[in-house]
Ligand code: PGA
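Next up: just one chain, as structure tokens, the form predicted on its own.
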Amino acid sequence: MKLICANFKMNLLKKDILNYLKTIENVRKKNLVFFPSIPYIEYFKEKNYVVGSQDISYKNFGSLTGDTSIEQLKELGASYTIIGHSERREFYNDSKYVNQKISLALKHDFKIVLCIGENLKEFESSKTLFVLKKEIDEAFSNNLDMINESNLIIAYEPIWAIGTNKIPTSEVLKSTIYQIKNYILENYNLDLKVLYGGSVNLENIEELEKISEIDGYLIGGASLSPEKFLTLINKVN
């Protein structure tokens, strides 16, 4: 069964969350992970959903105004975290903290969704694999002894596809995800699952489902409407 991760980003208010939970109350829970804004993590946990944080601080505690520590998130009920999302890398220079965040998350028994992806210029210049390998190497450095198939999942999110309704062709996706898996297997002896993220929606999910290399999805905008999200996940095997 494929893993489906719903990343709400900085969206929805309390009334929306309560309506969301009411709408999806009969949905299967086994392969779903929700990543709401931090104030709403407990709402999902109370309904016995698996829940994660959209990011963590690179330090456990300290004078870091605005950060949330992994121990605080654990108390709220989170057991997953997204690390290295392109928005964090672009707007908060997060690439330099990815390695530390992974180390901290693994030490606290969190499961990690590690985002990697290239921008449009890099894609058009045929530098996709160079960028992906670099991000993988930077993330795995010093953490390899703690990473295993059950605690780290790769999310391939081409940056140019996020929120644009444009996605790579099936041939490109199939090849890229195969090469991600093969690179990690050959260089780190790990057989990791790879999710796809970037404008996953009702219009393309059936085509994406034909790509056997995809182990699940990290879904942004299409997860914000509970009705549309229910329809979408029912199309995933």
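Please read all numbers here as calculations on a predicted model, not as lab measurements. From 1 onward, residues are counted along the sequence shown.
The form predicted in complex with this ligand exists for this protein as well; it is not shown, and the discussion that follows is about that form.
Asks: Ok, 136, 161, 147, 153: which has a heavy atom sitting within 4.5 Å of this ligand in the predicted complex?
Replies: Exactly one listed residue reaches within 4.5 Å, namely 161.
Asks: Among 70, 200, 33, 41, which has any heavy atom within 4.5 Å of this ligand in the predicted complex?
Replies: Filtering the options by heavy-atom distance leaves 200.
Asks: Based on heavy atom distances of 4.5 Å or less, which listed stretch (126-134, 97-105, 70-78, 83-91) is in contact with this ligand in the predicted complex?
Replies: Flagged stretch: 83-91.
Asks: Is the gap between residue 228 and this ligand in the predicted complex 4.5 Å or less for some heavy atom pair?
Replies: Flag for residue 228 set to no.
Asks: When the contact criterion is heavy atoms within 4.5 Å, does residue 216 count as touching this ligand in the predicted complex?
Replies: Taking the distances in the predicted complex, the answer for residue 216 is no, it never comes within 4.5 Å of this ligand.
Asks: Consider residue 157 of the chain shown here, and say whether it contacts this ligand in the predicted complex, taking contact as heavy atoms within 4.5 Å.
Replies: Judged by the heavy-atom cut-off of 4.5 Å, residue 157 is in contact with this ligand in the predicted complex.
Asks: Who in 1-32 is close to this ligand in the predicted complex, meaning a heavy atom within 4.5 Å?
Replies: Those in contact are 7, 9.
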